[in-house]
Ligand code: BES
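The data below hold one chain only, encoded as structure tokens and taken in the form predicted on its own.
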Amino acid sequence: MSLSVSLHDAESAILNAPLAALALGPDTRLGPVGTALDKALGGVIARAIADREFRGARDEVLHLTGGERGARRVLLVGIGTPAQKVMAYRRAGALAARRAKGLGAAALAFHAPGITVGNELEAMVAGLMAGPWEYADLKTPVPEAERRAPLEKLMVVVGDARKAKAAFDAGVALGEGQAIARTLAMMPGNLCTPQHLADTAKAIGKRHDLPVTVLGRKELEQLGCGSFLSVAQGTPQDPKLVVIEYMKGKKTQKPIALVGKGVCFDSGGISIKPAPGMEFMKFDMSGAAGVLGAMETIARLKLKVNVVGLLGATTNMPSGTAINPGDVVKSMIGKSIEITNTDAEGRLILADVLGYAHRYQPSVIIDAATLTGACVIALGHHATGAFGNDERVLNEVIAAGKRGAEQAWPLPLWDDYKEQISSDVADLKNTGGRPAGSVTAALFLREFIPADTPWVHLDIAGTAYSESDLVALPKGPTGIPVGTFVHFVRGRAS
């Protein structure tokens, strides 16, 4: 069932809702809407705050039952005292909507008295849409007698709907793009195949009248994409290089290239992974899912900018035809690569997708990939690793991530590490060993970027999905890096 999201500035929207929610910090005043709701409930909200039953800490939730009139139930959701309110409001919105779904509320009215119209409101709306999301397509429906009412309506209540409309619409567009990315990532690998990613791109293209190009094994062979094809040679599934073109800016404007890794399942190939946890390797296409989600949002926003979204999709499987450690392949741009570990496959795919991106003469290239476990060791699950060959553009991407409630942290891209990927038999090798594994992976990718093209690599291995419940979101895909991609492009739009 579809979820409707609407904007309101009438107090009646929250006073008459089956479930109302207020996002509050330790010192947040209730404001006119919150005060009206408190009055309808006989002052119970103000008493709960005065008695310290609710303190406004991050993720704190107090569930109150309504009275004879007004909202039937109320949630007070804490935002804490965050350094970055954008992330706090997104989290509060997601938590409230997730609780609303669990409570069986048909509609949720959400109000944040202290919010600023702009990025904070956008993030909150996207968070509200993320909270109740789930991938239930393959589950047997719960028996009707045990079924809770589905959450059908999200109502965002603000002081002035006219002033908030642009930010609200942007939040909805972002939420829709992230939902596409999360759905693709959550699908099992036998359903989310390279062909399915290509079909999703075509559906986005058809919906927004955008050209889509899909290249298969035959076309990749003709282009000389030996690096990409080395990963795909162990699987019978046809690999896909997919391109979506959004050219709504000036004809003279060079496009922004967004590039994503799309390994629909990664067994590691001949360098096979350990069995425990291998099921999570269906998420190894999260970079490609992020590109598709971002292109959906960019098209919905009707931005005046030129953007090309590119993704390389295949599976990495062991078989009699799979690539072997020690083999040497040649990339599209002519560089030879010694493959020392077949589980370092994402960079082999991206080498040729980045090479293909050259033909668009992009003004900047940003790629996103669940590339290295080393990045998870370095930064955990709270920050994306960011690398770049242009400090100004790198900082621009990190700032875009903050606006999109997606944290990133810069890591070094020094030539001191380059010796680790030096090969005795080829131009370079695809791994540099365990030390600084995320750095050497980024240095490998840099070999396929023109020297005069600004480029940023986002290693989302620790942030694209979670193997545990995140409180505001269940375990599974997070929607990263859609927000970073979209806010960067918006910052460049005329």
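Note that the structure is a prediction, hence the values are computed from the model and not measured. Start at 1 with the first residue shown and count on from there.
Note that the form predicted together with this ligand isn't included here; everything after this is about it.
Identify whether this ligand in the predicted complex is within 4.5 Å of every residue in the set Lys273, Glu345 and Ala374, based on non-hydrogen atoms. Every residue of the candidate spot has a heavy atom within 4.5 Å of this ligand in the predicted complex.
I need the one stretch from 265-273, 288-296, 246-254, 69-77 whose residues put non-hydrogen atoms within 4.5 angstroms of this ligand in the predicted complex. Every other range fails; the passing one is 265-273.
According to a 4.5 angstroms non-hydrogen atom cut-off, is Lys261 in contact with this ligand in the predicted complex? Lys261 belongs to the contact set for this ligand.
With the cut-off set at 4.5 Å between non-hydrogen atoms, does Thr431 touch this ligand in the predicted complex? Because a heavy atom of Thr431 falls inside 4.5 Å of this ligand in the predicted complex, the answer is yes.
Flag Glu406 as yes or no: does it have a non-hydrogen atom within 4.5 angstroms of any non-hydrogen atom of this ligand in the predicted complex? Glu406: no, not in contact with this ligand in the predicted complex.
Is there a non-hydrogen atom of Asp352 within 4.5 angstroms of a non-hydrogen atom of this ligand in the predicted complex? No, Asp352 is distant from the partner.
Considering Phe283, Tyr89, Tyr356, Phe387, which brings a non-hydrogen atom within 4.5 Å of this ligand in the predicted complex? Answer to the contact question: Phe283.
Only one of Thr370, Asn306, Ser230, Thr315 comes within 4.5 Å of this ligand in the predicted complex by heavy atoms, so just point that one out. Of Thr370, Asn306, Ser230, Thr315, the residue with a heavy atom within 4.5 Å of this ligand in the predicted complex is Thr370.
Which of the residues spanning 451-470 lie within 4.5 Å of this ligand in the predicted complex, based on heavy atoms? Only Ala461 sits within 4.5 Å of the partner.
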